[in-house]
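Just one chain is shown here, as structure tokens, and it is the form predicted alone.
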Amino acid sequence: MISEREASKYPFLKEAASLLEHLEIDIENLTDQRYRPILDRGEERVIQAIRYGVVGGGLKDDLAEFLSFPIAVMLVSMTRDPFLERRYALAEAVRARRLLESEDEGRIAEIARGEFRWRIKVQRREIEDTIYSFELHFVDYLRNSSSFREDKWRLINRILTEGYVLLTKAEAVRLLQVEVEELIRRLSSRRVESNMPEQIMERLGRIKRTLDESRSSIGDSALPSEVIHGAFPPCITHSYRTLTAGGRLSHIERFTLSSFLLNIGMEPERIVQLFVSASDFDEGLTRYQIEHISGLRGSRTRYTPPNCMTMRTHGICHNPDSLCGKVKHPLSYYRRRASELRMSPKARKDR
């Protein structure tokens, strides 16, 4: 049977589910005072997902940390909110990816085969200074990479050998994140009864309040104080919400959002952290691209977002309002709206 340590790291594994069944913990038992840290941690996992887009470190007790996962899944399910189901699944998947990055190749392949039935081989090769650690059947590769936007993930740009795609360790782990995200999304979308003990319902209430407070400007807590979120033009708001909800942005949408945020005062590192929520997040690539846009790399030129006409041409002009018809650039919109908000005491609450 799986160890408590492994179950705490990867609570979504089938072996972890078997451990949970073996423990035979009833919902009513959770009202006991000794289970309070587990309930607290389960609630914390969901709150972290809402606020930060990733589940962070937890309890030192491995068994308690493991048990907090099904509690968190149950709480998410009880909200019956598809947005939260997606965001929580992504947050747990990002956590799993970070843990998998520290595993050896054998353990990664074991999880891939046993949990997701990947046809994967551990095979070390060095080609043009790149170290490939795995060979993955192209069908499994396509199933998990189809949503990625970067050119490097296109099958035509990969090295194939007898139907298998060569992968670096980081690439294999990134593809596993997709599998984990989908698995947890399915778990959290299962409906459970809403008539639970008071201790559970109190936590559910706090989660719903946190979600409601964050829904209109999800991730707003991470914004520097000088950035006025309420002054974002509709196109930027659309991209921002899509990103922080774990959705996918096109290349030009990413460029537009990043360049916009940089030009209104957000630090590059803050923007990198926002992209953690992206379903195809690659930290190294994201940091390089944002630093290039900011002028810290390459030509040392700080880029600005495309103008409104260009955005319409690319089909990323979303939900234009009355002010959009009076400006020709997202930054012009922001300056005018920010000025209006500063003049309105009531509007300052949106800052």
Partner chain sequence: MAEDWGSTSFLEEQFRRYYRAGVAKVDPPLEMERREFGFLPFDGGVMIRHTSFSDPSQLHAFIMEKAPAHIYYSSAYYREPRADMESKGWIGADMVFDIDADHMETPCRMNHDAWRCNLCGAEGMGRAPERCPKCGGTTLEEETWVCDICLDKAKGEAQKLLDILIQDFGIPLEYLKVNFTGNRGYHIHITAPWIRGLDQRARREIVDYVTGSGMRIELLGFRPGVKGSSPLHGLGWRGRASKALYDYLAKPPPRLLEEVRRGRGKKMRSITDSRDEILKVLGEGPPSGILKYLGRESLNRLMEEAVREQAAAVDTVVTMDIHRLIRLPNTLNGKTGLIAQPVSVEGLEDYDPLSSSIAFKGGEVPIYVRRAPMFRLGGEKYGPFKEEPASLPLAAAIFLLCRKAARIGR
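Residue numbers count along the first chain shown, from 1. Basically, rigid core = biggest C-alpha set you can superpose within 1.5 Å across the two forms. Since the model is a prediction, treat every value here as computed from it, not as a measurement.
Just so you know, the form predicted together with its partner chain exists too; it's not on screen, but the next bit is about it.
Trainee: Only one of A170, L99, V192, V139 has a non-hydrogen atom within 4.5 angstroms of its partner chain in the predicted bound form; which is it?
Mentor: The residue in contact is V139.
Trainee: Which of R154, R124, K208, R113 has a heavy atom within 4.5 Å of its partner chain in the predicted bound form?
Mentor: So the residue touching its partner chain in the predicted bound form, by this definition, is R154.
Trainee: Among 180-188, 234-242, 139-147, 78-86, which stretch has residues with heavy atoms no more than 4.5 Å from its partner chain in the predicted bound form?
Mentor: Of the options, only 139-147 has residues within 4.5 Å of the partner.
Trainee: Would you check, heavy atoms only and a 4.5 Å threshold, whether L160 touches its partner chain in the predicted bound form?
Mentor: Yes, L160 is a contact residue.
Trainee: Although its partner chain is absent from this view, report whether R119 comes within 4.5 Å of it in the predicted bound form, heavy atoms only.
Mentor: Answer yes; at least one heavy atom of R119 falls within 4.5 Å of its partner chain in the predicted bound form.
Trainee: According to a 4.5 angstroms non-hydrogen atom cut-off, is H318 in contact with its partner chain in the predicted bound form?
Mentor: H318 lies outside the contact set for its partner chain.
Trainee: Is the gap between Q199 and its partner chain in the predicted bound form 4.5 Å or less for some heavy atom pair?
Mentor: Heavy-atom contact with its partner chain at 4.5 Å: absent for Q199.
Trainee: Is the C-alpha displacement of I290 equal to or greater than 2 Å between this form and the one not shown once the rigid core has been superposed?
Mentor: Result for I290: yes, a 2 Å-plus shift.
Trainee: Quick one: with a 3 Å or larger change, is the Y288 to E181 CA distance smaller or larger in the predicted bound form? Answer closer or farther.
Mentor: Relative to the displayed form, Y288 and E181 move farther apart in the predicted bound form - a change of at least 3 Å between their C-alphas.
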